[in-house]
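Next up: a single chain in structure tokens, the form predicted on its own.
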């Protein structure tokens, strides 16, 4: 319960209509897309301009109120689950594209801009913003930067961090801090923009973001390769990269995922396929033709029974929509869907796929696997029911095993979903105690009252 005096202060800053304190309203902001326990905030505020955003941050710090910034709440690691009794600050009203510069190839946006809407505005100008997370239809650019979101095109074009030129943000005192700039080269001072990327709201509150844009490719070709054996498909992925071909996208789906999507969408996917690769090459027309021919040959060398090339944009779009349907289709199978983010070096994909098969069998679980195989970012998805305590204990043990296997193969805890609450306990396994202690010392100076999204990334010792 928040004191009436503080509630009044928030109302003075953002307006009465932008302050929520009723239980029914607060419930909607007590969880995100991660399968974690809910935590209800005391108040939700929705600033409509930069000035009020800074004042909200300052008021929280002065009163020791734990602050969690939230865009669309699509986070998959608990990063936007609030501190119990804390403050949720919504960025959904800060949704303006302030500038799209066609001469110098950059854009300036507020953090609440929806990713897909921004990409469409950029495309209308004849340019491309490549990061395309699966949640792009609803996720916001502030959240993308806070989590360093990836997407289907990350193999060739990179992830969100590769397009952030600058971030202006409020520190805990409500002071605006500028970083980066609109120039291609900028080495003025510390790389504060880089520090903000993937910080998950623990170091500052974004006010605006400068993003790099690129020219779109002149041509592209999409292909669907069908394999009778899952391991052959995973070896084909490694072989494509080893042959110095970098597709724009190189996606993987196992048989269970294929069948589930087909039941959901009726997209005409081959139900008898043990695995399927969805591949797109792009660039100049001659390069596209050459790369497509090489990719087709490599797939067939690795026992692909068919390689189908999309005839037109409609067929291409249908294929990629089927891939984007993977998560919503799988989520319909059981009451609880645990989407993980195991990422390994690309050459280790076959070994990781073998490990996932062993883990599913050992713990008697249904695991559908899809993901960005071209960059080693797999999404093993456990379908379960959290209400079944015995099964849930097996799920937790399986998650531990997945991360242990990924790290043993030289991989990482997260390719694009972030650490949040869900993976904080594993951080020492990847980086050791030294990195965690260094990060804690830095946060203790920048956020001495520990108000900014406490407990995320670094674990409960800071909460």
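Residue numbers count along the first chain shown, from 1. Bear in mind the structure is a predicted one, so any value in this text is a computation, not a measurement.
What follows is about the form predicted in complex with another copy of the chain, which we do not show.
Although the partner is absent here, residue 347 is a contact residue: one of its heavy atoms lies within 4.5 angstroms of another copy of the chain in the predicted bound form. Another copy of the chain is not drawn, but in the predicted bound form it has a heavy atom within 4.5 Å of residue 104. Mapping the unseen interface onto this chain, residue 284 counts among the residues with a heavy atom inside 4.5 Å of another copy of the chain in the predicted bound form. Shown alone here, residue 54 lies farther than 4.5 Å from another copy of the chain in the predicted bound form, counting heavy atoms only. With respect to another copy of the chain in the predicted bound form, the three residues 115, 335 and 357 uniformly fall beyond 4.5 angstroms at the level of their nearest heavy atom. Heavy atoms within 4.5 Å of another copy of the chain in the predicted bound form belong, among the stretches 389-397, 151-159, 310-318, 273-281, to residues of 151-159.
The single contact residue among 231, 192, 305, 108, judged by any heavy atom lying within 4.5 Å of another copy of the chain in the predicted bound form, is 192.
Interface residue among 412, 63, 49, 30 relative to another copy of the chain in the predicted bound form, by the heavy atom within 4.5 Å criterion: 412. Scanning 424-439 for heavy atoms within 4.5 Å of another copy of the chain in the predicted bound form gives 427, 430, 431, 433, 434, 435, 437, 438, 439 in sequence order.
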